[in-house]
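Only one chain is shown below, in structure tokens, and it's the form predicted alone.
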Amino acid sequence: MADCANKGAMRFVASTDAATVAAGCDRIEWADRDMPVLASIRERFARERPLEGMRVCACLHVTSETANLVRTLKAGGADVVLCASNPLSTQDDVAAALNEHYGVRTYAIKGEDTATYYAHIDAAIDQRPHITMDDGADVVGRIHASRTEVLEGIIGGTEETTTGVVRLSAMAADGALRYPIVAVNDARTKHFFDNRYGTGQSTLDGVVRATNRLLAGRTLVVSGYGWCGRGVAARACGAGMRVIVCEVDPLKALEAHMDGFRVMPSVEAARECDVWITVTGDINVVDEAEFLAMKDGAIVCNSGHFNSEINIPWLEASAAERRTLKPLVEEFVLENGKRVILLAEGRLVNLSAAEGHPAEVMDMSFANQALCAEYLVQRAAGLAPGVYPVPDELDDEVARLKLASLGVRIDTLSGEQRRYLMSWQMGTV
């Protein structure tokens, strides 16, 4: 696969040297040790080959955990092409290992510019996929906007992020979505664990790696109290931070309050903020008013999929001075003299400055991805274009496999108990 490294004048992976490939293989195997559910699916896929003949275009974060998903899809018979879903989340040694050792065409370079990012997506789409897999719906958006010639062969897709599901739901509501997509993000075994425990730990890991700042005693502002926000707030509280939650949903705001966190409008929170983390999936959550109200030296970062959550164009246009203090740490001095510290260009700080979610939680998320690919092969012909939930039986199977891998046993309902739950005749006795 060495020819993939240089196609024309464009590099498709950062390096293909033997040392880089070996390092990537080691990293992939290390993650695999903590992904027993995916490994069990891979073993079955290798026997049954349920994806035989399927071309899969996967636009995902190119990490060691993703590599093990790709290995599983390939074991099932799929021809997989992988490209990055974010310019800063690629692990270059993993990309090299996938290309050179595992024989998977991978188009991703950490730090690639926007033009290269979309050129890589186009290169993946050129394979004319039957199934798309997205983190953020960029492949789906690209196909529908400018690569419609490949639509005829696509049977379905999957989406793994909240941001992507929001985009796809909007497409479906507008009648623009042309094929069925399963919202893997909304599986219970995904958002209960990946979004909460994975995002919580990996986001704070990214902040600490980028800044080496002590968390204890500082004030953290979290924008958004969905599953990701819950995880960030809980982990920050455990690290000794004082947590403020900013929300627009009254129910989620009430939940944050009842969970013991302070809840207030974002401009008020800005006056107390030491570290600000956005996890909303929306645009300009941290905007001019928040920047102007911030304490001097406040750190701002994002763990949602796109960097649009922070109004970086305003920050760039309004800064009297701008400089890079260290890798992934940039200081903007505003006209009022206050300094704002932006981490990782506003991109996902957990993947840009750290290694993303631990393999243990990605095990369940990627198990869902693999099983949903199999489901699409079996059922897509009967699905109209739209966004679909992960079938409960697949979700339950992932949970069952995870419990088994942990050595945890649970009770089962007796026949009497099942009958009772399905009846209405018995009342107070």
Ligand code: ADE
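This one's a predicted model, so the numbers in the text were calculated from it and none came from an experiment. Quick note: we count residues from 1 along the sequence shown, nothing fancier.
Beyond the structure shown, there is the form predicted in complex with ligand ADE, which is absent from this document and is the topic of what follows.
- From the list 376-384, 42-50, 389-397, 55-63, the contact stretch for ligand ADE in the predicted complex under a 4.5 Å heavy atom rule is 55-63.
- Residue contact check for V279: none of its heavy atoms lie within 4.5 Å of ligand ADE in the predicted complex.
- Within 4.5 Å of some heavy atom of ligand ADE in the predicted complex lies at least one heavy atom of G356.
- When ligand ADE is considered in the predicted complex, V207 lies well away from it, no heavy atom lying within 4.5 Å.
- Although the partner is absent here, M362 lies within 4.5 Å of ligand ADE in the predicted complex, judged by heavy atoms.
- Proximity to ligand ADE in the predicted complex, defined as a heavy atom within 4.5 Å, singles out one entry of L351, V80, A84, V94, which is L351.
- If you take 311-339 and check each residue for a heavy atom within 4.5 Å of ligand ADE in the predicted complex, you get nothing at all.
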